[in-house]
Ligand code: GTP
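Single chain ahead, by itself, as structure tokens, in the form predicted on its own.
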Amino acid sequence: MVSIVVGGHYGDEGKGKIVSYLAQKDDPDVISRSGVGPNAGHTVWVDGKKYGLRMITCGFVNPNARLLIGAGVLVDPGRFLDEIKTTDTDGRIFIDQNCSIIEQKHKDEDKKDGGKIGTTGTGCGPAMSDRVMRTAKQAKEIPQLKDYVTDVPLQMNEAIDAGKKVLIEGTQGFGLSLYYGNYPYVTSKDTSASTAAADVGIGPTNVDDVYVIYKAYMSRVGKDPYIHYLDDKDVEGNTMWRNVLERAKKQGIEGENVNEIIATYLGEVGTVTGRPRKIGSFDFELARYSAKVNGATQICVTCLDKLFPECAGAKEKSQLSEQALDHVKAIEESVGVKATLISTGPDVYDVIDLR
């Protein structure tokens, strides 16, 4: 059984939360990370402790799973080794021998030139450029990584052939895809489920489920001009946003504009960049399109509790308010796929599981 988790909007959808839930609930034998590299941050809460990860999969929360990083992923050796210590995963985390390496020169170049489109400054774009030009170093050439290098496709396919459960964690969101996103405000490769499979070395016929994750509203980090900030007109014409703004003001939250106030209230700050996110209403058209391209078999709605606090911590659908149910139903009907997982809080088990 092979499942892939990917983002359906612009990243920050809560993939890390869903991966960590599936890692414990479904108890997969192998959990592999795909994606670009450390420019994508996933956050997970375990026993009240917050982990902000950029290299190691959030599936580390399952102590019995073998953890892998596919050849498609760029590796920052320092960051990777630090996260091994943070997550206490030494001995069960491995990277593919052909992963390209991010060097300091890549970070320096990214920080110098990345301001044009609002990149993260982690060196991924320049490192990917070197990879395409066949001048990048590979993991098998780095001495400090020798104990962690393996053949990930071989391990993945052996696990599949043995009938084991495999979970693949995608990074970033569909709207950041080099192919399908708002070019040039995109990342340096495709972010769809098909590329996630290729990143870890398995064929499409081996994939059983594709979970596409959507936040209950829109958020975006970066300079993409196509993303609309929440403004006074949006709030005035939307009961849900009016209620959110009212709650924010009751908490004494201030800002220069409506977007800043609501973003602060919602806790919307980028895991990697530390930048406040742009906030917007749910993009039904993009959600429908990304579900098609990703081949979604199931969708997940996260952060429902942020819009509807009365639903915080709910474990059953019957515990959701009428407004929250209407919002989820609107997403399902627009996308054409049932929401089988609904996240109602930051804790791993704050999930309504309808599978």
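Here the structure is a predicted model, which means the values were calculated and not measured. Numbering starts at 1 and follows the sequence shown.
Below, we turn to the form predicted in complex with ligand GTP, even though it does not appear here.
Residue contact check for residue 277: one or more of its heavy atoms lie within 4.5 Å of ligand GTP in the predicted complex. At a distance threshold of 4.5 angstroms between non-hydrogen atoms, residue 289 is out of contact with ligand GTP in the predicted complex. Using a 4.5 Å cutoff between non-hydrogen atoms, residue 344 counts as a contact of ligand GTP in the predicted complex. Mapping the unseen interface onto this chain, residue 40 counts among the residues with a heavy atom inside 4.5 Å of ligand GTP in the predicted complex. With ligand GTP omitted here, the record of contacts in the predicted complex names 169-177 of 89-97, 240-248, 169-177, 153-161, defined by a heavy atom within 4.5 Å. This chain is drawn without ligand GTP; in the predicted complex, the residue among 314, 324, 303, 65 with a heavy atom within 4.5 Å of it is 303. Contacts between stretch 14-50 and ligand GTP, counted in the predicted complex as any heavy atom lying within 4.5 Å, involve 14, 15, 16, 17, 40, 41, 42, 43, 45, listed in sequence order.
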